[in-house]
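Structure 1 and structure 2, given next as structure tokens, are two forms of the same protein chain, each shown alone.
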Structure 1
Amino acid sequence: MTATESPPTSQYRPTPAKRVLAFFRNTWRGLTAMRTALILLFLLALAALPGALLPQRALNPPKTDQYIADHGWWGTLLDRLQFFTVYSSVWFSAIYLLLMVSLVGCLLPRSFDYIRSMRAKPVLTPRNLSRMPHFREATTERGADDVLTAARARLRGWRTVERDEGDGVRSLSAERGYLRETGNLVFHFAMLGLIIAFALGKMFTYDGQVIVQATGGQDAVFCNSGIYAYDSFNPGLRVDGTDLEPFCVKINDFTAQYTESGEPTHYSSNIQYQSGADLTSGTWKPYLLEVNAPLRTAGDRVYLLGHGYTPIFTVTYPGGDKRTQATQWRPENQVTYLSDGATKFDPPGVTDAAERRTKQLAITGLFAPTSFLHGGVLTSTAPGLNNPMVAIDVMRGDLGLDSGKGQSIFEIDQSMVDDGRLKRVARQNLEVGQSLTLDDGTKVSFDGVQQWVSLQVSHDPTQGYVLVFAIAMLAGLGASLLVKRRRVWLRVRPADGDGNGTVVQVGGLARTDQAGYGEEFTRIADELLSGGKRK
């Protein structure tokens, strides 16, 4: 038999199944290694970065589109690569899924170790205690029993075990700081739970925005009855808007307080709401809605996001018919609340569509809550309602409402103006109570101002769980970083010779944070050696 020929592995030829198995086993091992976790953490941080640097579609769609348009092929490429929807992109999801797998793979074996170590006794006292990083020795008059009893009293709260090593030598092993590993596991498991709850939340969440008049009247009621009730609505992946939890709110007023220089200091709105049984009984409950105090009802939250003004116009037609409209205008300046908008009127009593399309009216222009005229140009100097004024164009003709194209309630259809189908028939500044008269005798008067609020309704069924997991994470983290693992051993043996003295040795080892242990060990050792509190 020649020793060198066949390698010993020749009898073992892996079958494909085994190779596949080995592949998976190796992948799994690789994935759950600490180094992989570390690299994945980095990748996660790196992958999150574009979300902070580039505009994100979910947060700001117009800005995102602008950015793409401004950057040509580069913008388009980034868009294809999902750089504007980072947090729902394939690559971001892949990284955190891998991290989750890694985490689970890491946690399972550690949990088993943990259970085992929780039941295990503190390790044997090393034969040669003087080799430990911390060591003290002394001879005392006291007997071994005395020393050990005192030591056990001193080490209350530590896990201890006493062992008889024969020949009158006895030792005590003590360990402390098990909470550290508990905390670490709690932390990682809670993080896992948090990620899952967060992902589930993304499925079932929705939010919607709506503008409601703050008058306490019919136009001040909003009911969460379906997507159509909202001005905009963002459903989660599994929400189709068909079975929203029903509730209604009625906005009775809106109050803003300002500093002398016109900066807002406080927003609040008295509202009423009904949900559950109140909906059938017609009961309204009062609530004071404020910026940091959303209404929580029916599993939803209602937020006060912003406010604005609604100029009220009345058109008196030559025949004596009157129409009053209160359409919200939008603040174009967030500091002074100079607002613009378009209040649109259909002529009354006109049944012929073609004729109606020559007589529609729109009042557009600017509204200033605290007006200031500078060479006839209207501006606003403060957001509060002090001396409101409008600078309006009255447009007559075809508003384009029949074209089937949706149009903004804040604007007129400019293409109608460009086509000459909508013409300006008056331009004037009006204070409250003032009016103007058009060439056909129609009178347009500015009657007053009311306020509107913009509300957001949010729904997220898992956010409570996310909070619980987050608090567990924090507690686990605290324990895991701040609890210290320490070991102390004590060995007693009768002193040489015949006297009844005892030699006491104390050894110590810090399993974490070595450097911080010295002082503490000195104190413990002193007490153990002297058998009582240090005087």
Structure 2
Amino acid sequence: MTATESPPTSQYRPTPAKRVLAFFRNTWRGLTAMRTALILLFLLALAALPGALLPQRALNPPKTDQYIADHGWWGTLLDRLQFFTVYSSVWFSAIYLLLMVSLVGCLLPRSFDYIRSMRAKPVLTPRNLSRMPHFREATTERGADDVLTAARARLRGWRTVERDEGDGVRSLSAERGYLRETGNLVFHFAMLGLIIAFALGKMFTYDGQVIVQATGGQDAVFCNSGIYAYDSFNPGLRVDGTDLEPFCVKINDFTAQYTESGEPTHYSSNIQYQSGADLTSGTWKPYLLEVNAPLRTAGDRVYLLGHGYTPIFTVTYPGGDKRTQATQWRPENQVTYLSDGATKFDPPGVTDAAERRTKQLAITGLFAPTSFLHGGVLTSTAPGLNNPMVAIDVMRGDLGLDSGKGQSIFEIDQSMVDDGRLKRVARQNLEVGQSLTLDDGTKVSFDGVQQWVSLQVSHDPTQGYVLVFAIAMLAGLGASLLVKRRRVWLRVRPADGDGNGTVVQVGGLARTDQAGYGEEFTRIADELLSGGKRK
């Protein structure tokens, strides 16, 4: 080492523990930044788009399966990426959780800073007020006490502090517009509350759909007694369906109004309901259920979703026994309500299981509320019940009801047909009152039509909190956008020369934008300097 060279300095290298600690500290700072919260909020809105554009398995499993089948590998890939279960997917939940953590992390320090600023006194009057964006000066014959008294009266509602600067110089500092930061915090805390309310709602909410006949009879009653009463039921994470609030509804009728082109304009249903003490007293209360007017009872909401038709069939067996079934058929055309379905019958008086499985009947086919035959093919021209007609296939054999597998009420088990255990024995078009006779003397008659309605029961204990938080968000946003943070300073000192009169200086500063503050400052300055010689 030469005399001109300096000894090498050792380079500082933090320990692995300190590097890990620094990594987590920087990550936390980045996560709790307001910029990160805004990015996560944007990502959450972006992540919710597939839930609106793609069918969701929780809402419509058949449509979801059909979409996957129609789109091949692309549909399968989307399914693996949880695009058909968006709101319960791992990536949506991760964004949701990170947004909540980010909001909490950035709001708590801001809240402490806000409390400190609210308790602090307004800042000192600047030494040189003439450098402020807004400045006025005048000499008045009034004394300093009179000027300050008038200033305190004019600035009532502002946070003010008066200071003595010595040599007869006195100043008044005033601030206003703290409600802007209050609104900002209210908006973000309300957003956090909204996120938490939605999360809790996913845990304790449920909704179910059920089809009820609109006849006013015993088959028109639905009771919220358990999940077995529903056709489909979507529970929250903490709902097992054993503790539902009990209530009952009875569907007396259904009325639909259509345009000349067949478009529906109004759905309504006269219903009766029981809840609470009515369940033991037997009292039924009337209610007009409409599409946008749900029934609210027992903490639940009952919505009218739609309707359909139920053809009524009577089977008269060779021995004289009669069986009448009214099973709902589903609309396959939502414009004309051309419907398909399956009405199933077990033979009477047959105790042997093997023999019974050879004599079961199913009436399948199409139902047209306003029928029209085109080349012998039945179709419907309107959704209204004007000229009902059915085109049916009568199937006889084993319906698969004893197989232990679940089966749709709208369809027969096609595997039974493929195996030859269920065969078609008749096909015919029938109007109301017409019948056909099978080869063994069994008579099948089409007796009439009744309507059914589709109801949805929804339970969400957090909806009231969601409304409160939404209103708070709007109020906070309005305050943060409309309220301006501004400051006014007033300094008075004796006039030079003979000492008569007072020099009054007024300065102003808008803490945010200055739009509109110039006019307010001019009004304040004119009142504080009134009677003075202005400069």
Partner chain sequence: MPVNETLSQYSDWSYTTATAIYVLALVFFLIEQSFGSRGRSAAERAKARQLVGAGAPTPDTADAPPAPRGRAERIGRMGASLLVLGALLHLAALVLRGLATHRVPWGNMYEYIMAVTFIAVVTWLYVIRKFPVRHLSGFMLLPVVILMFLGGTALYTVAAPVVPALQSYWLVIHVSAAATSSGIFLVPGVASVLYLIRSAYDRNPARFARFGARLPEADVLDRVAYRTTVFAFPLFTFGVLCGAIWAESAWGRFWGWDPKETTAFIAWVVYAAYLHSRATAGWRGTRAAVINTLGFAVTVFNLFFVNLVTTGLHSYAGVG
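Superpose the two forms; the largest set of C-alphas matching within 1.5 Å is the rigid core. Just so it is clear, the structure is predicted and the values come from calculations on it, not from any experiment. Just so we're on the same page, residue numbers count up from 1 along structure 1's sequence.
Only structure 1 matches the form predicted in complex with its partner chain. Core-superposed comparison between the two structures: CA of residue 77 displaced by 2 Å or more.
Residue 473 is not among the residues whose C-alpha shifts by 2 Å or more between the two structures once the rigid core is aligned; its shift stays under 2 Å. With the core superposed, residue 427 shows a C-alpha displacement below 2 Å between the two structures. Core-based alignment between the two structures gives a C-alpha movement of 3.7 Å at residue 121.
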